[in-house]
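One chain is shown next in structure tokens, namely the form predicted alone.
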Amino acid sequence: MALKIAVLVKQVVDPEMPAAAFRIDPGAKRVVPPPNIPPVVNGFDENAVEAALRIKDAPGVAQGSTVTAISMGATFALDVMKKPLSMGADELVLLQDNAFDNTADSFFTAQVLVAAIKKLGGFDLIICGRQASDWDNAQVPLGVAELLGLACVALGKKVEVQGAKIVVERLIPDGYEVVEASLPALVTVSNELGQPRYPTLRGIMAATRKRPTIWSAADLGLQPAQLQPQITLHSLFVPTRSKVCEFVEGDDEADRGRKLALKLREAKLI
């Protein structure tokens, strides 16, 4: 049986950009995209694409298996979002609508992605990155699995399909454990999976010829209630740090040590 594999990917602000270029609009409570620095595909999501392509290319996997990359956002840099295609994915589906600008709301994002997955007829396996480099919530994959009623295996460093089940080497603090789940299922992967493949020239040329499927909220049949945020962001700001250095004076080292201890006790630090 040919496998239908979906990979959920996200366009993010380049985490490698200079700190001086990072700006926040406090009124709109959002990060301002830096000029002249293009966005990128979330790094962990590239690992997810790599995991999907390894499964597709593995011996024993039926011919005709496909990998579909799905992403949600208000706007996209098409050259950036075609990277999964240039790596070897078969199809790219972009969920693009001004109503999809609230990517900080994990439940909202999960609802939109699930609507697209159902419209595409479902998948045997959904692979996600462990988290996104912008909000670092690591909640969307769990929400998608819950809404679809799928088993979810998190933090995989190796994913294999064996018949009608997946076998995942799942990271734990002191090593890894082997977990099995019946298909369909959802897996999140981490960078321990290994370096994602570089797009080949043939892959890049093939990606330029492919047109992504673009769906709006209306195309997905989402109701107004489903487009309402479930969380309220009260403030977004860059943390500031200040340091105050106080020199403790005394007659000698013992006296200075005693006075330091008294100050620490007054501050309830000891």
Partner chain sequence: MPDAKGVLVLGEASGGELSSGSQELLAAARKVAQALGEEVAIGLLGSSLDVPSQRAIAFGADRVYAVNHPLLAQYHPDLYLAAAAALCKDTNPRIVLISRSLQGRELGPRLAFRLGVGLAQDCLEVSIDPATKRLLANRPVYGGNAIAVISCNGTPNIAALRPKAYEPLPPDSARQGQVVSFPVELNAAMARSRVVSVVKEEAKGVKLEEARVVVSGGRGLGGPEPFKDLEVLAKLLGGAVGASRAAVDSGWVPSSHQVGLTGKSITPDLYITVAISGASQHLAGCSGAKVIVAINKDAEANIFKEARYGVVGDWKKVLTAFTETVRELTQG
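Bear in mind the structure is a predicted one, so any value in this text is a computation, not a measurement. Positions refer to the first chain, counted from 1.
What follows is about the form predicted in complex with its partner chain, which we do not show.
Proximity of A77 to its partner chain in the predicted bound form falls outside the 4.5 Å heavy atom cutoff.
The closest non-hydrogen atom of V161 lies beyond 4.5 Å of its partner chain in the predicted bound form. A residue is said to contact a partner when one of its heavy atoms sits within 4.5 Å of a partner heavy atom; A206 fails this definition for its partner chain in the predicted bound form, lying far away. Shown alone here, Q230 lies within 4.5 Å of its partner chain in the predicted bound form, counting heavy atoms only.
Only one segment in the set 134-142, 93-101, 119-127, 79-87 has any non-hydrogen atom within 4.5 angstroms of its partner chain in the predicted bound form, and it is 134-142. Just one of A62, A218, L236, A58 comes within 4.5 Å of its partner chain in the predicted bound form, counting any heavy atom, and that one is L236.
Taking a 4.5 Å heavy atom cutoff to its partner chain in the predicted bound form, the contacting residues in 160-189 are R170, L171, I172, P173, D174, G175, Y176, E177, V178, V179, E180, A181, S182.
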